[in-house]
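Okay, here we've got a single chain as structure tokens, the form predicted on its own, with questions on binding and movement later.
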């Protein structure tokens, strides 16, 4: 049993059935991408690896072990053999843990954590290096450092189960801090509801400009689209505490739904125009169905 995910004070999100679903998803991911060379998912650079890449002229001080003596014998020229090195793919799961993520049934953060766990499992099973960085107004102090290997999934479960939502959403501040603190470039998976009053554009663009590969997953609760409200109400912003008096009518709800749809479509269009994989889902959709759609679209595994 996954007892480690059931410690006191932690959300109980993961059980043996969940782990079975992850293993199934991993098997499906291998079938979907059967025949693809694993090196395609690696960052390549010229160095002292094992696969020949090119020659260059020998210079004083170069390692003579890499001189191509066959070329020297035929052409009387000293040339060094260059090889391709393969670096581990780094996958960073940037998980929105602001107060707005504690809303919903199921809670958006719980649903997002299951998606994060599934993507982590696939990455770990593929021997990629995976880390989890929760954020709200800034990056959270508690983070799961980069590691690889399927056995790491239990630490992933523990970590995700212990995340508590706090603070407001600030994608720009959080993502800029992430870039400043992260030397190794890689895939940056941003899982959020994207309810940031200052917008998402600057933060996502900052990832792109600094050579990360943004991968965007938007999560919402269906009641956020169709709130069961009517009459004279005082609405409270869950992140700022701001109050607003409103009279909720059918016409107002229709305008609200249209505004929400416009917001989501603009996020989709923003990502699509910049070649950033984008997936939108509500919390009522089975998480494994979403992950399968991600694999089939080719957005996560390349």
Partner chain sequence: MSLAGYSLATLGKLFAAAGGVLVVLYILKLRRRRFEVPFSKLWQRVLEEKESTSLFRRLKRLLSLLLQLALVALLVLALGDPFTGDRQAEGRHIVLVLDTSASMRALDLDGQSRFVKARKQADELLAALSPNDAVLVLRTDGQTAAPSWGADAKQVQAIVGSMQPTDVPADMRRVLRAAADALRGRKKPELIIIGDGAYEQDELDAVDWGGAAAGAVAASRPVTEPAAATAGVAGATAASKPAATPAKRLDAIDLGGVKVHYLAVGDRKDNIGIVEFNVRRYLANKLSFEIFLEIQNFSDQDAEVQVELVAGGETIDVKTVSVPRHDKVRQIYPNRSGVGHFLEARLSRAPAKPGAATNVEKDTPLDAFALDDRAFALLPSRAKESVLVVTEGNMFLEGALMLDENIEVFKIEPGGWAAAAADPSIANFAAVVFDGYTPATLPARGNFIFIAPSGPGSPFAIAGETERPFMTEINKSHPILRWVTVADVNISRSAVFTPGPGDIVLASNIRQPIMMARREKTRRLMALGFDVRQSDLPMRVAWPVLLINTLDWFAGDDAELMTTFHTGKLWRIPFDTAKASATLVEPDGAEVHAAVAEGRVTVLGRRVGFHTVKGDDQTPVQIAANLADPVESDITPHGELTMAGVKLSAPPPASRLELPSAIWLYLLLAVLALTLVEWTTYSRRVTV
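Numbering follows the first chain given and starts at 1. All values derive from a computational prediction rather than experimental measurement.
The following text describes the form predicted together with the partner chain, which does not appear among the structures shown.
**Q** Out of 270-278, 66-74, 230-238, 22-30, where are the residues with a heavy atom within 4.5 Å of the partner chain in the predicted complex?
**A** Selected stretch: 230-238.
**Q** In the predicted complex, does each of 222, 288 and 297 have a heavy atom within 4.5 Å of the partner chain?
**A** So, no: the whole triplet misses the partner chain.
**Q** By the heavy atom within 4.5 Å rule, which residue out of 113, 192, 136, 100 makes contact with the partner chain in the predicted complex?
**A** Only one listed residue qualifies here, and that residue is 100.
**Q** Would residue 255 sit within 4.5 Å of the partner chain in the predicted complex, counting heavy atoms only?
**A** Flag for residue 255 set to yes.
**Q** Given that the partner is absent here, does residue 56 sit within 4.5 Å of the partner chain in the predicted complex, heavy atoms only?
**A** Contact check for residue 56: no, nothing within 4.5 Å of the partner chain in the predicted complex.
**Q** Residue-level question: is residue 196 within 4.5 Å of the partner chain in the predicted complex, judged on heavy atoms?
**A** Heavy-atom contact with the partner chain at 4.5 Å: present for residue 196.
**Q** Wondering, does residue 265 line up within 4.5 Å of the partner chain in the predicted complex on heavy atoms?
**A** Residue 265: no contact with the partner chain in the predicted complex.
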